[in-house]
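Just one chain follows, in the form predicted on its own, and it is written as structure tokens.
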């Protein structure tokens, strides 16, 4: 079964999506992240989608679901590396990602997570 690696970096989990996402892979990621947040008491999740060129409505909803799930488990979510075409697609599909903070790259995303956790 195909899985996306989840790396622990201190209080945060780092997910780097290096393959095109399909529905089952997105569902697996959601489940794996919930397990890892619970097991590690992570305070934040950074999801790097810079390698994704296509995001459909299902994947967009899964990103929003992951953020909601993380929030319930006391972890912030930051999405980084969104390609312009992906952003345009999400807007055209009418998908807003409530609760999902975004940053241009991993460095800025980590800064955002650190700042967010310090505010709590």
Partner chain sequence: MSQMDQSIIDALSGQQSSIQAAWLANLEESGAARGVRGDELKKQTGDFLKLFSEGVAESGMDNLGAAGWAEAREFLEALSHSRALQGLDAQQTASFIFSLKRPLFDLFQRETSVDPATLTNHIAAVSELLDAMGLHTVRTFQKAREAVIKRQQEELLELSTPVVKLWDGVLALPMIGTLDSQRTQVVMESLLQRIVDTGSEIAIIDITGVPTVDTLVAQHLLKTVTAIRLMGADCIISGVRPQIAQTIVHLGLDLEGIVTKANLADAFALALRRSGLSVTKAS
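Positions refer to the first chain, counted from 1. Here the structure is a predicted model, which is why all the values come from computation and not from measurement.
Not pictured, yet referred to below: the form predicted in complex with the partner chain.
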{"property": "Site check 98, 103 and 108: each within 4.5 Å of the partner chain in the predicted bound form by heavy atom", "result": "yes"}
{"property": "Any non-hydrogen atom of residue 72 within 4.5 angstroms of the partner chain in the predicted bound form", "result": "no"}
{"property": "Residue 39 within 4.5 Å of the partner chain in the predicted bound form, heavy atoms", "result": "no"}
{"property": "Residue contact check: residue 34 to the partner chain in the predicted bound form, 4.5 Å heavy atom", "result": "no"}
